[in-house]
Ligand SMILES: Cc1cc2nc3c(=O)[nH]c(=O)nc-3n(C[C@H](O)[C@H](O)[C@H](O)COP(=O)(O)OP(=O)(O)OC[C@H]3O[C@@H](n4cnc5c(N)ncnc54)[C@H](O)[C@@H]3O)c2cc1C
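Here you get one chain, nothing else, as structure tokens; it is the form predicted alone.
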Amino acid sequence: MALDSFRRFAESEIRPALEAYEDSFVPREEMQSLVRQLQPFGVINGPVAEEDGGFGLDMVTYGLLFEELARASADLAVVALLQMECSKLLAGVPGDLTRPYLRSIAECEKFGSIGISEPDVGSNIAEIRTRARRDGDHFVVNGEKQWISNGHYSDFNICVAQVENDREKEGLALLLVDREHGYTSRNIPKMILNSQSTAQLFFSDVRVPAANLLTAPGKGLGKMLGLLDAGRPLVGLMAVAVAQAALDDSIEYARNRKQHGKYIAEHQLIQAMIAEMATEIDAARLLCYRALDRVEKGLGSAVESSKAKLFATDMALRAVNKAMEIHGGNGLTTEFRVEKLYRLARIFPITEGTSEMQKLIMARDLLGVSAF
């Protein structure tokens, strides 16, 4: 019942609201209003415990809701995912520091972001160059982050940085950096997903209280890897949602478009493409929910999450390509949604770890030998 209710809401309210922007940037106030509308459904911080302002949803239930949101708007799904991931990270660090931020997310007052990728650092988190140098009861942070979702909206950033003192590097840690501490941001224009913020963040001698250290030095990498295990199947579900939208549009188009004296839905090759799309979408969806189930149960999920993301994101590329063929020349026009879905599907094999990285993670488990 909850899922049906949210599906109707997403299609009637969320999808038209975002389509009105036609892939142009949604101002912060408008995005905040949309996030507030999502909050009662549990999409913003659903998997977070109730005592931390969440709904206590299991990851599979959250995935079901998240897929529906992504189907209506991938841009808003990115924002929701980052709010959820920030809440999960902060909830894992109990205390007076994190409580106000958890409350501000639950009340849709603040946007969070997570600073991992850098201009010269992508998949290999261990090579992060952002530095947090100890200076009395503060850290002085210097570095640049890139491809940061929610970055320009963000009121705070959970920054992955290399902690160092005068003598040595102490290891990667997570540091809670408030916008008021002095970091700046710049939006990055892209081929798609421009209605939300993907940004560069700049840290230039930003002074952050030492009390804002969320993990001990050397523990930041493990924390991020755990976050990716949960995030990858959700990105997979975003790809599934795009593929499902492409399938839905293709079915409707095939039933109404005539060629050679009959509807193209009656042509065998069109039917074959529709059947292949439907089968692969279901397979990808099941892989994603299996991974989320393992995350929820606290079982090892790195390999299952990589399989889910690899298959789902590559599947979406195949699905939108078939949808484009079914639509023919009309698919190239902005009058039909498939053109946008075609661009959108290309994002997912890159974000949250490339398809090539997912293959290496799986092969390392199978072979017992690391390639990186």
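It should be emphasised that the depicted structure is a prediction, and the values quoted were computed from it without experimental measurement. Note that residue numbering begins at 1 and tracks the sequence as displayed.
Not on display, but discussed next: the form predicted together with this ligand.
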| query | finding |
| --- | --- |
| Stretch in contact, per heavy atom within 4.5 angstroms of this ligand in the model of the complex, of 236-244, 250-258, 271-279, 145-153 | 145-153 |
| Candidate spot Leu57, Gly63 and Ala70, all three touching this ligand in the model of the complex (heavy atom, 4.5 Å) | no |
| Distance check, Gly92 to this ligand in the model of the complex, heavy atom within 4.5 Å | no |
| This ligand contact in the model of the complex: Gly231, any heavy atom under 4.5 Å | no |
| Contact of Gly122 with this ligand in the model of the complex (heavy atom, 4.5 Å) | yes |
| Interface membership of Gly220, this ligand in the model of the complex, 4.5 Å heavy atom rule | no |
| Contact residue in the model of the complex, from Ser104, Thr198, Thr98, Thr130 (heavy atom within 4.5 Å of this ligand) | Thr198 |
| Candidate from Gln162, Asn212, Asn194, Ser117 lying within 4.5 Å of this ligand in the model of the complex - any heavy atom | Ser117 |
| Partner contacts in the model of the complex for 333-372 (non-hydrogen atom within 4.5 angstroms of this ligand) | Ile347, Ile350, Thr351, Glu352, Gly353, Thr354, Glu356, Met357, Leu360, Phe372 |
